[in-house]
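One chain comes next, on its own, written as structure tokens: the form predicted on its own.
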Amino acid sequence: MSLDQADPAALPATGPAPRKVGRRGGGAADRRVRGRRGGRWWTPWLFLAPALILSLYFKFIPMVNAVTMSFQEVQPYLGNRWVGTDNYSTVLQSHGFREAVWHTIVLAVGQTFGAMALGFALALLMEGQSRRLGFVRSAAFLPVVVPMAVVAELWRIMYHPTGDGMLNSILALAGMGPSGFINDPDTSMASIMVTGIWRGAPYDMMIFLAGLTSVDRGLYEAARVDGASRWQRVRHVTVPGLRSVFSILFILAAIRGLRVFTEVFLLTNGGPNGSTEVVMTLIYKLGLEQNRLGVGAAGAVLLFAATLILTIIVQLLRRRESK
């Protein structure tokens, strides 16, 4: 008997036949998928548009105008005159600008390493899951949330140079004489540096706390079994595990230090006798007080270039270490 003449009941059961999907349903599903992938691509940009427009108008367009102004003698209402690189020559040959650059570097280095060291120490002390530690972390983070103008006014009051000032009263208890702090050319830079470290350390602390969660706890247990002390565990386990965090914080803190302005402007305004004059306060005075907008723009471009070069160098060093 041939296969065509076989009894259907005698054939083995092969299960229900596959269900066919109509072309109408499949086409609708395909259209919905295509709509999600291609038809709505502009939706995220629609939400970002207000912020992008504001950034373009208040940040990027002024940056381009500043670069253009750095090559011009700006004369409001009279028309600008092209002077080439004369503004850059004026800035680079200025003794005041070189002193401001040196003060900026000293302040940036001191605040960067001081804030990172204090933030790392605070992170080690506050690491854990206790609720009390959560409250302490929030309290320690408050200096970052408080506006810089309020912080500067607070420290200006504490730095009162008389004997009954707050910090001078504490020094008197230790048998030390009163200090002029921000009113003394010898201590003004250190006083501003302490203010910057006090405000920047809690931010670094939070970054370090986030990085500590990625360090393998098994390494701590192995080091403890091998008889390593707490300092040795920190040195040989914690610090290598936070290498990427240190590099990121170094970039952020260095940029923050090079752009320091508010605390210097509110505490000393570059004084006394120019002992705390930094690049940002000098640019402000050149552009807005002396009305030399072209020279001030040239100084701003140089500061931006220095910050960009520093960032690129650190990134290249990071890539070399990762290889």
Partner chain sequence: MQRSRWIGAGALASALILTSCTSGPAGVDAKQNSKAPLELWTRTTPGGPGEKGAQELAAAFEKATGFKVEVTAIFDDFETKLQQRAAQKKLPDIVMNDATQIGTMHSQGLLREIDMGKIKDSAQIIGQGLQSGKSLDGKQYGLPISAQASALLIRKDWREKLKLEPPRTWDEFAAMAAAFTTQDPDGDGKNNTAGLAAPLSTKRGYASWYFSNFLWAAGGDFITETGKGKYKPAMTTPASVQAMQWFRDLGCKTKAIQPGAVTMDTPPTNETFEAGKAGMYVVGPYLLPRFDKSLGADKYEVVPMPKGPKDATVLAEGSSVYLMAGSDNRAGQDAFASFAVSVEGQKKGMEGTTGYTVQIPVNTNVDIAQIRTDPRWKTYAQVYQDSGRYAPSIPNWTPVRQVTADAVNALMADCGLDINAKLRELDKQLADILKEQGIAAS
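Think of the rigid core as the biggest set of C-alphas that the two forms share within 1.5 Å after superposition. Please read these numbers as outputs of a predicted model, since none were measured by experiment. Numbering follows the first chain given and starts at 1.
Another form exists, predicted in complex with its partner chain; not displayed. Remarks below refer to it.
Visitor: Which of these residues, 116, 182, 108, 100, gets a heavy atom within 4.5 Å of its partner chain in the model of the complex?
Guide: Selected option: 182.
Visitor: Please run the contact check for residue 75 against its partner chain in the model of the complex: heavy atoms, 4.5 angstroms, yes or no?
Guide: Judged by the heavy-atom cut-off of 4.5 Å, residue 75 is in contact with its partner chain in the model of the complex.
Visitor: So, in the model of the complex, is residue 266 in contact with its partner chain at a 4.5 angstroms heavy atom limit?
Guide: Residue 266: yes, in contact with its partner chain in the model of the complex.
Visitor: Within a 4.5 Å heavy atom cut-off, is residue 161 in contact with its partner chain in the model of the complex?
Guide: Residue-level check for residue 161: yes, a contact with its partner chain.
Visitor: Residue 231: with the rigid core matched between the shown form and the other one, does its Cα shift 2 Å or more?
Guide: No, shifts by less than 2 Å.
Visitor: How about residue 175 - superposed on the rigid core, does its CA move between the shown form and the other one by 2 Å or more?
Guide: Comparing forms between the shown form and the other one, the residue 175 CA shifts below 2 Å.
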